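Okay, here we've got a single chain as C-alpha cells, the form predicted alone, with questions on binding and movement later.
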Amino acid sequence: MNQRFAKGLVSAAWGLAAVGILIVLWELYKWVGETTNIPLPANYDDASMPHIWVILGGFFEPEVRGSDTAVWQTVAAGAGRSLLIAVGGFVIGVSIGLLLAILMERSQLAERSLLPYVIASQTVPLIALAPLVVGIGNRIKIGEFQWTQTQSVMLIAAYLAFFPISVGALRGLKAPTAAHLELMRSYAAKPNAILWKLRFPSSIPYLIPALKVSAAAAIVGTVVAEISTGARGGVGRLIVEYAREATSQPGKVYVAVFGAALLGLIGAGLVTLIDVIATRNLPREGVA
C-alpha cells in the first residue's frame, strides 16, 4: 500500500507538471501569434483562445447576467447529472460486455459469430446513431413508463462502454494456462466453478484496463450524446450553449469543457479504486 501511495504521489506530480507545461505552451503560442508575423495553424484571438486568467475568471462569472449563480455552479450541477447518466451507461455496458465475453469463451461458434459484429458495431458514428436511438426511443411507452432523452443518452453511453469490456474480458477469461485448467478438471470442477475460481481471477489484469477504457468511453458517449440529442441539464448541452457566447464571454465554454474533463478524471478514479480493492490480496508481481 505504501508503494502504491508513493506511485500515486509521483503520478500526481507528473500530472501537475503536465498542466503547468500546457499553460506555458498556451500563453507562448498566443504571444508568438500576437507579437510576430509567423503564420500559425490556428486562431489565437481572445474569443477562440483566451488567456488562462480569462478562463479562470470565467468560473466565477454569473451564469446569466444579474444572476447570483456562478458559471462553475451550473457546470458542477450539469457534470453531476452527466456523471449519473454515464455511470448508468457504464453499468449496462459492462454487464452486456461481460455476458458476451462469457458466452464467447464458452463457445467457439459464438465467438466466431459474434466477435466480428462486436467489432463492427464501433464503426457506426455516434452522430448518425444518436438521432436513430432518440427516434425509436420516443415511441416506447410501457404502462406508466415513457422513454425519455435521458434513457437515450444512457443507451448510447452503454453502446460505447460494452466494446472494451467484451474484448478485454474475453482475452482475460482465456488467460489461464492449460496446466491450470487441467488442475481444476482433476478436482472435478464444473465449468461454473472454473469460471468463478480460475478464469475471473486470472482476467483481472485484463479487466482493469478494459474498465478504464469503458469508463472513459461511457463519459465521452454521454457528453457527445447530450450534444447530438439536445438533452438538457448535462454538461454536453452546456458546452453547446456556452459556445454561442464565446465572443462576449470566451471563458465560459472552457469552464464547461473542464467540467467534462473532470468527469473523465472521476471515472478513472473510480476504476482505480476498483483496481485497488480487486487486487489487494494478489502478490505484487501478479498485478498488471
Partner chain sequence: MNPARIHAVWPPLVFGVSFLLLWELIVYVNEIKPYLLPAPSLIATNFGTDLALMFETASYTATTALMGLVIGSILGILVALLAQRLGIVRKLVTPLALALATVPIIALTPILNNLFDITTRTPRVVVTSIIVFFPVFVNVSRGLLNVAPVQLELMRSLAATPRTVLRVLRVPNSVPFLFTGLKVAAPLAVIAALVAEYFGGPQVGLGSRIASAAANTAYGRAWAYVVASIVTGLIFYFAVLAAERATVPWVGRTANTRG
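The term rigid core refers to the most C-alpha atoms you can superpose between the two forms while keeping them within 1.5 Å. Please read all numbers here as calculations on a predicted model, not as lab measurements. Residue numbers count along the first chain shown, from 1.
The form predicted in complex with the partner chain exists for this protein as well; it is not shown, and the discussion that follows is about that form.
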{"item": "Three-residue site G15, V224 and I239 fully in contact with the partner chain in the predicted bound form at 4.5 Å by heavy atom", "value": "yes"}
{"item": "Non-hydrogen atom contact V64 with the partner chain in the predicted bound form at 4.5 angstroms", "value": "no"}
{"item": "4.5 Å heavy atom contact, Y254 and the partner chain in the predicted bound form", "value": "yes"}
{"item": "4.5 Å heavy atom contact, L84 and the partner chain in the predicted bound form", "value": "no"}
{"item": "Partner proximity in the predicted bound form: R112 to the partner chain, non-hydrogen atom cutoff 4.5 Å", "value": "yes"}
{"item": "Option from 150-158, 193-201, 71-79, 132-140 whose residues, in the predicted bound form, bring a heavy atom within 4.5 Å of the partner chain", "value": "132-140"}
{"item": "Residues within stretch 241-267 having a non-hydrogen atom within 4.5 Å of the partner chain in the predicted bound form", "value": "A243, A246, V253, Y254, V257, A260, A261, G264, L265"}
{"item": "C-alpha of L25 off by 2 Å or more between the shown form and the other one on rigid core", "value": "yes"}
{"item": "Core fit, then L16 C-alpha moves 2 Å or more between the shown form and the other one", "value": "yes"}
{"item": "In the predicted bound form, shift in Cα separation for G168 relative to I127, 3 Å or more", "value": "closer"}
{"item": "Distance direction in the predicted bound form for the C-alpha atoms of S166 and L126, relative to the displayed form (3 angstroms or more)", "value": "closer"}
